[in-house]
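Okay, so here's just one chain, in structure tokens, the form predicted on its own.
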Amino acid sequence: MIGATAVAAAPISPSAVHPRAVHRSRAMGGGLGIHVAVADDTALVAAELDAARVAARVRAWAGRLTRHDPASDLMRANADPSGVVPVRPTLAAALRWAADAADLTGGIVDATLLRERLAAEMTAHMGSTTRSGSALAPAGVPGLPSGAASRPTWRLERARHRSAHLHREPGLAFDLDGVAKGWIADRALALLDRHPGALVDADGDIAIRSAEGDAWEVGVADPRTAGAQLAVFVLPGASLGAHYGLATSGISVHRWAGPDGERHHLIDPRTGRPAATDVVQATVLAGSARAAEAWAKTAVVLGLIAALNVLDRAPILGAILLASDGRVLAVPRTTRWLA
């Protein structure tokens, strides 16, 4: 698995033009839903078989990228003491997206925070806090205000057959829980191109291709009330297929009590600690699931005022934020996509 989260957005049943084949299973510590739009009922059986095959691929990719299995490609790389580590194609591709996500978000999405995340989780059991000056001391992000040192550096060097060599500072460890699900959802969607449309729901990170004349509807859950929704997105098709990504990030799950109050799993790379934020949940609509996930996490980490400012300029289609004071706010261009 990659890492379990509560599913904050999920497809609902619209009045679809195309029949749907649906495959549901478990992956990445949560639910995996693969929905395939077909031309007519005669294609449903083939679509169901394709969906099952794609689900198996998703589980295989996730198994290579999880931090919860010491035998995964990711954890083998993390455990390697050398400064140059060979990595296989799936991990290499995921790390390339991690680097792109860091560039896209000014370093807020940072895949090198495994030690910081584990340290934050450890406080729930040990009642201690990270000490300034340790390996887990606050770190800065280029382009964002911080008085701390820069984050450790790393880079990928391409090798044969889509593999790579990972160059990193000693001791640097990666956590792909925050970037892999959206990336996997996009990759899985691409395997369903022969069908008119498809939706891959990777435990709440959703990749969508909508056919002309068709539409997908996706509801965004309200974390305050079981079964309630903050909004419903309607995502129409186009002649060559319209691509969307929808992802939700938030602090209403993976919470625990620390010595200085409640903590959560979203680490701010500027401090090395759980983000101090007044955004409870952020849902972003973009052109891909991986981009939506990166911007949703960025919005939560930044806090409400900075998030609205950044999202207003970001290359996204829309966003909805739930603030800690109960307000629900949307980037203005979001309204065209809402039911």
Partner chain sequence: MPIRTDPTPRPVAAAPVAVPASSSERPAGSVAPSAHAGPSRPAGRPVARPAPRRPDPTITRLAVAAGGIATISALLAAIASAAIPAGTAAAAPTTGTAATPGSVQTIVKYVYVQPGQVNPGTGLATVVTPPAPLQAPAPVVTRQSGAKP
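Residue numbers count along the first chain shown, from 1. Here the structure is a predicted model, which is why all the values come from computation and not from measurement.
What comes next is about the form predicted in complex with its partner chain, which does not appear here.
Novice: Using a 4.5 Å heavy atom cut-off, indicate which stretch of 156-164, 102-110, 72-80, 200-208 touches its partner chain in the predicted bound form.
Specialist: Going through the listed ranges, the match is 200-208.
Novice: Please tell me whether any heavy atom belonging to residue 179 falls inside 4.5 Å of a heavy atom of its partner chain, as the geometry stands in the predicted bound form.
Specialist: Output for residue 179 is no: heavy atoms all beyond 4.5 Å of its partner chain.
Novice: For residue 93, is any heavy atom within 4.5 Å of its partner chain in the predicted bound form, or not?
Specialist: Residue-level check for residue 93: no, no contact with its partner chain.
Novice: Does the 4.5 Å heavy atom contact test between residue 17 and its partner chain in the predicted bound form come out positive?
Specialist: Contact with its partner chain, no.
Novice: Can you tell me whether residue 185 touches its partner chain? I mean in the predicted bound form, with a 4.5 angstroms heavy atom cut-off.
Specialist: No - in the predicted bound form, heavy atoms of residue 185 and its partner chain never come within 4.5 Å of each other.
Novice: Could you spot which one of 189, 87, 220, 267 gets a heavy atom to within 4.5 Å of its partner chain in the predicted bound form?
Specialist: Selected option: 220.
Novice: Counting non-hydrogen atoms within 4.5 angstroms of its partner chain in the predicted bound form, say which of 98, 120, 235, 251 makes the cut.
Specialist: If I apply the 4.5 Å criterion carefully, the residue I get is 251.
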